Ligand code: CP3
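Listed next as structure tokens is one chain, alone, in the form predicted alone.
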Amino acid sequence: MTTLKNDRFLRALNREPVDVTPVWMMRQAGRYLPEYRATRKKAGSFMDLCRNAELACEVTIQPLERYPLDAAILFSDILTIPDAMGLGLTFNTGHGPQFAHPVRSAADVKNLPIPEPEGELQYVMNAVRTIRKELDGRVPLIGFSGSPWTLATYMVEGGGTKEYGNIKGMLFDQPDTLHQLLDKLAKSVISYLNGQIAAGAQAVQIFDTWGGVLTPRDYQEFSLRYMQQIIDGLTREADGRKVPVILFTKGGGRWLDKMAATGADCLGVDWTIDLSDARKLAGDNIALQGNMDPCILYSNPERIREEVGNVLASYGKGNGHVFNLGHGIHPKIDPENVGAFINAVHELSAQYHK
């Protein structure tokens, strides 16, 4: 077992004392970095990059070479599971992900396999193993998956959407079919994340990107219920250490109390709710992650520093805060502004941990 040189991220997830607030960014390995774009070009395609363990490792570590981040996150995609189910995933410039075989009927759901972590998804496990070895205890490695509701949305729609007509049509008109799909996806995610943990992931995050488009009732029935199923089925200890689980529903700030009851260790929070209010709603027995608006990074270092201070003040003193953006970093952000952001978090947060 490799000793972690920097474990503040895991300590914060467990609500243990830290010297400064740990920070990482969703999509921290991505298109805003010129070195990422160079590696992506070398790989040939986005999925070729995901499937090449050495290149996936390279881009995972690139942001750590630039910034004093407190965690690395596996470079992959939330759509690896539906891709492994044989839906024909492609990424088209300007159109995002597209599935050649969308799921629209009970027969379609019945025919979907549950992918094997060391079978169809072995390339992800190989990436996790390669990254852990290369990190050599530098910082913890985060594994991840999309939530069943979010994966189902892409699978039923056949790609991205603004109307949610097909998935919500299924929800209202064929709820039993949708429940069968979500149950199969939950079982797939449990297997997938446990595979990542066995391969070396030291924390995992469930990305519920589209949960916020549901009504409160439908969120509990069609999204939170299946994330609860996943949390109940996850390996929670590996290498003699707890494996924390982060649950993130974009647009889910009003449901943080219900999310906190799942047994997750940390809740991701977007920028549409103040952390002070989120802390009251979630309670003091769970960590919070977030929640700076990514668009702040389009401004200047002084304004970014000011906003970092605002977010830290909103959370206040005490353990259990992981600083992050409220969603993924945008591709056109200046890397210099990212550096100003990361440094400001470490510099300004020390006062909250004395």
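The first residue of the shown sequence is 1; numbering continues from there. The shown structure was predicted, so the numbers you read here are calculated from the model rather than taken from an experiment.
What comes next is about the form predicted in complex with the named molecule, which does not appear here.
Novice: Could you confirm whether residue 149 comes within 4.5 Å of the named molecule in the predicted complex, counting heavy atoms only?
Specialist: Residue 149 lies outside the contact set for the named molecule.
Novice: Since only the chain is shown here, I'm wondering whether residue 144 would be in contact with the named molecule in the predicted complex (any heavy atom pair within 4.5 Å).
Specialist: Judged by the heavy-atom cut-off of 4.5 Å, residue 144 is in contact with the named molecule in the predicted complex.
Novice: Determine whether any heavy atom of residue 31 comes within 4.5 Å of a heavy atom of the named molecule in the predicted complex, and answer yes or no.
Specialist: Taking the distances in the predicted complex, the answer for residue 31 is yes, it comes within 4.5 Å of the named molecule.
Novice: Examine residue 305 and determine whether its closest non-hydrogen atom to the named molecule in the predicted complex is within 4.5 angstroms.
Specialist: Residue-level check for residue 305: no, no contact with the named molecule.
Novice: Identify whether the named molecule in the predicted complex is within 4.5 Å of every residue in the set 212, 287 and 323, based on non-hydrogen atoms.
Specialist: No: none of 212, 287 and 323 comes within 4.5 Å of the named molecule in the predicted complex.
Novice: Looking at 100 to 108, 119 to 127, 264 to 272, 201 to 209, which lies within 4.5 angstroms of the named molecule in the predicted complex, counting heavy atoms?
Specialist: Single hit among the candidates: 201 to 209.
Novice: So which of 281, 78, 231, 112 gets a non-hydrogen atom within 4.5 Å of the named molecule in the predicted complex?
Specialist: Residue within 4.5 Å of the partner: 78.
Novice: Can you work out which of 139, 171, 189, 73 has a heavy atom no more than 4.5 Å from the named molecule in the predicted complex?
Specialist: Going through each option in turn, the one that passes is 73.
Novice: So which residues in 38 to 65, when you check the named molecule in the predicted complex, have a heavy atom no farther than 4.5 Å from it?
Specialist: 40, 46 sit within 4.5 Å of the partner.
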